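Encoded as structure tokens, the following chain is the form predicted on its own, with no partner shown.
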Amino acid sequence: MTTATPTVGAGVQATAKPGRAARVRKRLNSRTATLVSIVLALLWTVPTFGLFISSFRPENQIKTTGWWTFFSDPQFTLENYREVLFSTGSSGQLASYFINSLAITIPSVLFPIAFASLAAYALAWINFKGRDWIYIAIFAMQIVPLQMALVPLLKFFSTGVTIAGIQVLPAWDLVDEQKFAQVWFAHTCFALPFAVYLLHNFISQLPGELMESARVDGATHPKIFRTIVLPLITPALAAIGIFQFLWVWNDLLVALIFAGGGNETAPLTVRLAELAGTRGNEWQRLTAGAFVSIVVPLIVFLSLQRFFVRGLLAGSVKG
């Protein structure tokens, strides 16, 4: 009897926890919770829906009436999209800036993911002196505001690095489309601390028996990383890729500083800031321009959503 008592008590406690979890799950799946979720989703979607409707309305209708009057007096036009995408004047040519944004964003996503995955694997599974201190330093770099690094980085690009009067690294002296390299370098530097930190936490949780078995079979670190680690961290790579893509695509400050505002290198965000005109009286263009700018991030998120969810939930379940 003395040995049965704690067993029964433990059983009661064990059954109590799932009971509480079940009650919480039941409340979240109730009709009230579903109704609240639907209301919040509608409230969140209404401004975007209004922007979408306005992008197809004529200029005089946009400036004189609200978007909801479209249902009582529907007037439809594609002039706003034609003007912002293909107009040769100062009001459009978003198509060329769209290409510039892709040229900036894609490498700025791929470079930090590649470097961060290699660094995270080394910090997690390769023993070397000072490894922990390097990881702590990388973690601490997340605290540094991006704005504090803009001036030193711009000076590095324009004058190079000089130590004791000796030119260690020359100035970059890039022009026109070559300035894309400066933006790639800047975005990669700013993204690496967070990406390394996140991937290190993910990779370090992989089963050690898996790595040991591979080493026993004669696999080297490059082979282990390529054949074992990369397939397992795909959800985490997708999550980081989505965050980085959205950040770079919506960025205005970094691209404007390091690429300039010229037609050859300026991204879509620079042109969007100019669409309303110098006096802000042409703001009807922003409806179409804003929707053009969100199409690509929306496609990227929806196509990688399942990997994104798996990346967020990674590590919550053992085994």
Partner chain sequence: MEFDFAAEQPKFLMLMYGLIAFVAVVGGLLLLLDVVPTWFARRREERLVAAVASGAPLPRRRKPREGAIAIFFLLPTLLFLAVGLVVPAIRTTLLSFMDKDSSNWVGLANYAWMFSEDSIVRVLINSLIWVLLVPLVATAFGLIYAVLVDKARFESVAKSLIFLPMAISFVGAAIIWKFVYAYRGDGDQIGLLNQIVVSLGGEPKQWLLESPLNTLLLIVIMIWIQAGFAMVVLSAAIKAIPADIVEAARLDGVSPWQMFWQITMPSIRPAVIVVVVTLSIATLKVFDIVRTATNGNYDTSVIANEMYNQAFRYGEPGQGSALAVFLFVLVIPIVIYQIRNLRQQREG
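Model, not experiment: these values are computed from the prediction. Numbering follows the first chain given and starts at 1.
Absent from the display: the form predicted together with the partner chain. The rest refers to it.
- Annotated contact segment (heavy atom within 4.5 Å of the partner chain in the predicted bound form): 180-188, selected among 70-78, 233-241, 180-188, 206-214.
- In the predicted bound form, no heavy atom of residue 58 sits within 4.5 Å of the partner chain.
- In the predicted bound form, the partner chain lies farther than 4.5 Å from every heavy atom of residue 158.
- Taking the partner from elsewhere, residue 170 is found to have every heavy atom lying beyond 4.5 Å of the partner chain in the predicted bound form.
- The shortest heavy atom separation between residue 196 and the partner chain in the predicted bound form is within 4.5 Å.
- Contacts to the partner chain in the predicted bound form (heavy atom within 4.5 Å) from stretch 142-160: 142, 143, 144, 145, 147, 148, 149, 150, 151, 152, 153, 154, 155, 156.
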